[in-house]
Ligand SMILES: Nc1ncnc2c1ncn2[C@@H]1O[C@H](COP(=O)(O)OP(=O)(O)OP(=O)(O)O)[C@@H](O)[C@H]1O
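The chain below stands alone and is given in structure tokens; this is the form predicted alone.
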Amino acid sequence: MSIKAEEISALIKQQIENYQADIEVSDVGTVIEIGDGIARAHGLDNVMSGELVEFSNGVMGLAQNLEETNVGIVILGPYTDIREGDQVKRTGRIMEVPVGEELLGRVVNPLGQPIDGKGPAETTKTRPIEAAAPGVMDRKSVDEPLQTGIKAIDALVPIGRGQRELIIGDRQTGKTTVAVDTILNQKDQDMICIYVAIGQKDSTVRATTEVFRRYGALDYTIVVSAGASEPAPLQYLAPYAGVSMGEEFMYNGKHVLVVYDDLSKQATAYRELSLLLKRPPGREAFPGDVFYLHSRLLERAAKLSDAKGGGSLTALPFVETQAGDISAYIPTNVISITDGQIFLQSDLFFSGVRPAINPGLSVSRVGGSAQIKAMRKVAGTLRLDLASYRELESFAQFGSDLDKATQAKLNRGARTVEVLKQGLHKPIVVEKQVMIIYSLVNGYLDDVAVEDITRFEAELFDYLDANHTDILAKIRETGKLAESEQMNQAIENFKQQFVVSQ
């Protein structure tokens, strides 16, 4: 069988026509040191800070230290299979997380992977975890209230949409409860919530998620969990993942609330990483850029201008104090970045004042701009009344002969403290808050025994729901008080039927 020359040339021509030169060029380095979740690699000359790199076993890493002869890489996953001499290659990508409405109702890790056992989240979009904060011209002043449903906060330290309000206090003083109740109160408020749990026990995160599910809040909430058993890099990345998920909604004109619970543990995880990367330690062994760690996160909270869609991202960062010391390094750092703080005091908590908010040390730098007019009017003197009550209370312990004016102030103060107490997971709508505070400041509670105040409040709300929905509707819809005669008449009518306990 002879082979014809024409056939050979035709075959060669066909091969040349179909030839595709797939040349893949990638920067590849070599691992020269590995241990404690940190690898050092040689040969990645063009790698960028914060770039994702891939080890030969498929585990990803994050380039952090760019030194003259090697690169310090934080490993985002199990590192026991990585050995010295293994290859590591650049990906050309920076760290990204999946975003979108598909994540609502899910519990995910800081890489955006679901960990709630409900299968994969079918997301189509991603966002980089590090992004520039909106500029000055892209923002507008905070002027829209974020109703927490907690009387002590909405009256004394109001939070606005787009604000950053620090929640600070010792452990076990009810910090998480404040955030959970705020999220529960966002039902039907057109607000998307993101709860970022950093360094908490998995059982605690599970219990919090169950509370959201039980009260129907999981429908508009994403839970991002970096548990105590997760490696330090994931705890460090969790808040950035949470805010990136929130930014997707904010830039689409929606309102978002992000809770970081808590940033003390993130700072500790970052300190661990930095010390392992041999970065020089500073005060309390934290690295020099620990301020920037939190400022670049919290500056991404904003109320966008109308030209940018008018969306907002409100941040509620948590910081845990040791023995109430708010002048420690991380607390003072975060206080200087945020627009105010809510200080929860353990002494108040253990004496039964819950939420245990200390109005003297708590402040909102947005103030009345974040309140409806009705609340601003009735709660105007509340903070001063409480402050003078606390002062008089300490003096009154030493002497029994008090003049009538002092006694009246003490009586009013005791009732103010009682009114501001609130049960667990029982957020109150703003119009009802206004009515009970109006009753307090106008003297309608002065002759009600302190132990009857809670019952008075509950029965007043029931009475208003049954007989005076018009008053509540006016406050809710216009943000202003109803006619004072109408409100006074309603409260007086209720008081006549209120039975004082014997």
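Every value quoted in this text rests on a predicted model; they were computed, and no experiment measured them. Counting begins at 1, following the sequence as shown.
Below, we turn to the form predicted together with the ligand, even though it does not appear here.
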message: Please identify the residue among Lys432, Arg354, Arg90, Arg412 with any heavy atom within 4.5 Å of the ligand in the model of the complex.
response: Arg354
- line: Heavy atom within 4.5 Å of the ligand in the model of the complex, from candidates Gln422, Gln147, Thr123, Ser362, belongs to Gln422
Contact stretch among 250 to 258, 169 to 177, 294 to 302, 365 to 373 - heavy atom within 4.5 Å of the ligand in the model of the complex: 169 to 177
query: If you check in the model of the complex, is Glu320 within 4.5 Å of the ligand, heavy atoms only?
result: yes
message: in the model of the complex, does Phe349 come within 4.5 Å of the ligand, counting heavy atoms only?
response: yes
- prompt: If we check the ligand in the model of the complex, which of the residues in 277 to 309 reach within 4.5 angstroms of it by a non-hydrogen atom?
  reply: none
